[in-house]
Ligand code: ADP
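The chain below stands alone, shown as structure tokens; this is the form predicted alone.
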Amino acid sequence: MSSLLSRPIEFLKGVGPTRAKFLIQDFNIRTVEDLLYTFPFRYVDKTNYTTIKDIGRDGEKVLLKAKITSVKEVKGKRQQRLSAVAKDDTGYIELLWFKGVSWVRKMIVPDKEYIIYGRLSIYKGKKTLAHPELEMIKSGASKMKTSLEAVYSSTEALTKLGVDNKHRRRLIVNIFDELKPSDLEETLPPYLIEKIKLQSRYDALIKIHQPKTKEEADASIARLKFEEIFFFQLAMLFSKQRRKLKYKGPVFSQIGDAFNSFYKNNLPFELTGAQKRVVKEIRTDVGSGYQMNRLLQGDVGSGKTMVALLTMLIAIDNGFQATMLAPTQILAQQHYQSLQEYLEGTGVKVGFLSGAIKGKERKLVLEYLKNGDLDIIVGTHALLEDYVVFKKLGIAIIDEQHRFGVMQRAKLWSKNPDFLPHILVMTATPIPRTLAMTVYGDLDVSVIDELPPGRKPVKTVHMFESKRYEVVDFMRTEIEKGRQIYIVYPLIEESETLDLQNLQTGYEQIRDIFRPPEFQISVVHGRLKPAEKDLEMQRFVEKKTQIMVATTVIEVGVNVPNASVMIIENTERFGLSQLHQLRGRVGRGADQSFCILMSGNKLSSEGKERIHTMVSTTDGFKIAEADLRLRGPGDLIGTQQSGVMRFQLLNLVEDRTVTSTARSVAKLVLDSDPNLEHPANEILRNSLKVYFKKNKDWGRIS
């Protein structure tokens, strides 16, 4: 890196120690290179001014050149506001500020001409611009240069220090006055730049900050977006390739008695075509000699657990043990009970371990595991502890993998000193293909996209609060049939107290209608101790209660075939994927199941779209696509994985073509030159080294 790019930001002309402190604090801009790679979030076309008389659509963004004729502070009931009047040759408009009143007041000089940019608001026929951006036109500068001007994110502290858009643009000019093309090394080889028709890195960085036209800005953004996602994909594919070559896995070469006997005598239903396809993909992996790292995606009820069991039986046939991890005690217990039922009479020994297993029972489980008397052990995070020793672990299956951090999963690697156990991670949250190949691009992905025959889709309806009495009547009818009901309230950390009040109020209302001893109600929320939570859930599982009032803690894993109704309160406060997960708690038995989405009468357009999507489809992948479009990738994949999503320019929802192209190009490059040894790829090899230095190599671990 050139000495200019690595220079601390305080030593750039126009910055200094005080401004540098806030650039570091607010935007993590520490060096000149950091500033250069902090891009504008939009542009203002200074050639396209509007006159005051011609603006008239509420909400439209307007650019004016006008003189501020007066400014005054107005005291209101709750807060002070600043009001200014701007005038051009065609009329007047009021400018308003409700925050930062004192420093805006100092910044405005009456009777001076300004460039004013803001969003128009019309209330009772009166036009105003609230919190507009201002830039004073210098005396004699009546003709503005005809170009787009970059607009950067800022803070009140930086603006007070004079680091506004104009100053930021001047800093960029100072950098490029000193920076030579040779100082900014190209990251892509000439053959790729030519093939994909991209700008050079130097030109792209100049033109993203100082474009003359929209076309120039778009071309520079296209180059930098491609670079962002390309190196992300290249790094993941390179890591995946190196891991496969470096890390050997146990070879499961045969299908023996455990698998064949179960398949012939105990398989409770015919496998779907999708399940058979996935088992075949897994068999190929575990027989290759390389460590398998595979993600298994499948909607709720698609049969992932059966695929997991068949995979574990293959391990047992080859002399290895298997483990299955789940994020909660109750989900782990349900997996354990299911496996015991499936494997009854087969001779396969299954054990269970969680934090709740104590004393002699724990000691025996650990002893059996160590000496090989257990073939399969199911459990929670407790299985990751150092005192859990296997005789010969061959495969680890992780359910709802986003609930486990990367370092927790890495602990599984130490459980077999001779081989790295195969890893199969499962999720019931459908992830759109573009997102899956970005977030989980270092894993092989299998998808079960087919539900077992005979399953009845859950009927989903939307009911407003005004129809509450109809919902209560329906609940009573279902309970009389012997069915059970979930009622779920939202729980969002920022308003946890309020949410618990809502749940408590809801519980009291339900209890007043469905009175004991005729009716029994379970209550489950995050504030309960694990043992209390498990007890309440267990009462529901054992049909001792007819209604479970809960927060989203029951989103994952509770399997109660007798529960036929899911009522979701305040539906508008849930994301689509979360709603889909909750709906998946019902529809697990032979009876018709129902999901009732309750909401108030006032719904945002996004809320209406979410509810419409839920009512119109039960296809998890369609729902995931809609959720990705509405909320972006962060919420969809969960906080554990969010660190890999920090793209400055790339939008995974809107830029799917760029993402797919980058993935394809990265794969073609590595297919033809796996170690990037060809002279034409020397630039890529060097760029990848820099990328790995800046980004921890999370690609080694599934």
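What you see is a predicted model; the values in this text were computed from it and never measured. In this text, residue numbers run from 1 along the sequence as written.
Here the subject shifts to the form predicted in complex with the named molecule, a form of this protein not shown in this document.
Enquirer: Just to confirm, with a 4.5 Å cut-off on non-hydrogen atoms, which of P452, G118, P189, G351 contacts the named molecule in the predicted complex?
Expert: Comparing distances to the named molecule in the predicted complex, the residue within 4.5 Å is P452.
Enquirer: Which one of F176, F621, Y342, F514 is close to the named molecule in the predicted complex, taking close to mean a heavy atom within 4.5 Å?
Expert: Only one listed residue qualifies here, and that residue is Y342.
Enquirer: Among 415 to 423, 163 to 171, 343 to 351, 299 to 307, mark the stretch whose residues have heavy atoms within 4.5 Å of the named molecule in the predicted complex.
Expert: Looking at the partner contacts, the answer comes out as 299 to 307.
Enquirer: Just to confirm, Q275 within 4.5 Å of the named molecule in the predicted complex by heavy atoms?
Expert: Flag for Q275 set to yes.
Enquirer: Given that the named molecule is not shown alongside this chain, does E270 nevertheless sit within 4.5 Å of it in the predicted complex, heavy atom to heavy atom?
Expert: Taking the distances in the predicted complex, the answer for E270 is yes, it comes within 4.5 Å of the named molecule.
Enquirer: Considering only heavy atoms, tell me if S200 and the named molecule come within 4.5 Å of each other in the predicted complex.
Expert: Outside the cut-off, so no.
Enquirer: Please check if N559 has a heavy atom lying within 4.5 Å of any heavy atom of the named molecule in the predicted complex.
Expert: N559: contacts the named molecule in the predicted complex.
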